[in-house]
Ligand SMILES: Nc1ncnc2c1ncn2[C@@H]1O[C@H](COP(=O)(O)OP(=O)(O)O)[C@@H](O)[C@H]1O
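This document opens with one chain alone, in structure tokens, the form predicted on its own.
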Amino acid sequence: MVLPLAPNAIMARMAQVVLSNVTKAFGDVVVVRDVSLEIADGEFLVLVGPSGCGKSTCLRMIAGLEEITSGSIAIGPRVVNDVPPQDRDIAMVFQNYALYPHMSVYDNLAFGLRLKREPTGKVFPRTRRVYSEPAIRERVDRAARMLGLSEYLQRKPRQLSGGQRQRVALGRAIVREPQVFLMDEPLSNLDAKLRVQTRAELILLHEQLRDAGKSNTMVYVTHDQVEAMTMGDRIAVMKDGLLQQCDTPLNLYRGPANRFVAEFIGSPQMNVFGPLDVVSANGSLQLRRDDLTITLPAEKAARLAGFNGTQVLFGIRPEDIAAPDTSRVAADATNTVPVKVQVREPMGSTVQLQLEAPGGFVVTSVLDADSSAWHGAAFDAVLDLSKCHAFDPASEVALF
């Protein structure tokens, strides 16, 4: 049960975050629509979606930097709709680092702790510092060791690399030991190699805080689905201000709720094409369009039993389309489609093919690097239909 904030309430160290029917509008423009989401204590939740989908606005509403139009937000046992940001016991890491250029790394890390005051009366409600200087040094030194910043404590931000600046921004959040960490695309300014390295450091940081018994609920915003898949305990996918689906990375990948989630999660993205006619023939259910015929296995056909005579969209991931000369093809594979290679892109351990299929469809396949399918080659692609998907053409909701 979510409790309202009581006067002089003692701050509980429960770090769950609950959004209940949260809506945010700027005038007549609604940017977040009726979002309900429960983030467990200690969870690493990633908000992901294209630019303008409302994910950063959700983060800013949790932080108190944006007022909500309707609904409620709770952090721990408190509803925080009317609680100012400084009293929410959260720490935010921004995309642009937001470091003080005239301060050393040590002073940047210590700054928030030096400002922390506790209520002492009505006239001067915040006059007593919470942390002594020795306590501040202990926290800063501990965070610096954790992030590999100990040798840089006397440097200014301009003397640091992008990755080191990002670690300082993370350290500034860590020293406060907040209930919740909020991160708004913190890796987007880094180059590809450093982004991968820092991503691993963030995952390790989450585990270290958990092992140390510290509150470590993290809400992380990104538009990069690779970051989302590799970092999150769960991923919340947003589009046009609406929450599309929230689940574990593997469940999102294997069981997308709709076409948008199916195409957004996974790289290369899922092939979705059609509409194809659903036809019952020779005791089986087939999907047809011009010269393209796909005979569904029994367990998939059963899900479309009521769709005979209608149309559906067909989806299959690139790695589930194989060439006959690859090791992934079973000896008894019979679900084949004639294709012609339009583009071949070697990726090192794999090769990515753009294929022309019957019906004028273009699909992507990922094969073993030693595949002999070259530009202009024609072969019968083998489909793993046990992993295929179907979507309603009108609503684009997943049918299986």
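Quick caveat, the model's predicted, so the values are computed rather than measured. Residues carry their position along the shown sequence, with the first being 1.
A second form of this protein, the form predicted together with the ligand, is not displayed here; the remarks below concern that form.
(Q) Against the ligand in the model of the complex, would G42 count as a contact residue? Criterion: heavy atoms within 4.5 Å. (A) No, G42 sits far enough from the ligand in the model of the complex that none of its heavy atoms falls within 4.5 Å.
(Q) My question is simply whether P50 lines the interface with the ligand in the model of the complex - judged by any non-hydrogen atom within 4.5 Å. (A) Looking in the model of the complex, residue contacts with the ligand include P50, since a heavy atom lies within 4.5 Å.
Q. Does the ligand come within 4.5 Å of any heavy atom of W374 in the model of the complex?
A. It does not: once the ligand is placed as it appears in the model of the complex, W374 has no heavy atom within 4.5 Å of it.
Q. At the 4.5 Å heavy atom threshold, is G64 in contact with the ligand in the model of the complex?
A. Answer no; every heavy atom of G64 is more than 4.5 Å from the ligand in the model of the complex.
Q: Find the only residue in L367, V341, V31, V337 having a heavy atom within 4.5 Å of the ligand in the model of the complex.
A: Exactly one listed residue reaches within 4.5 Å, namely V31.
Q | Proximity to the ligand in the model of the complex (heavy atom, within 4.5 Å), stretch among 344-352, 357-365, 34-42, 51-59 | A | Answer to the contact question: 51-59.
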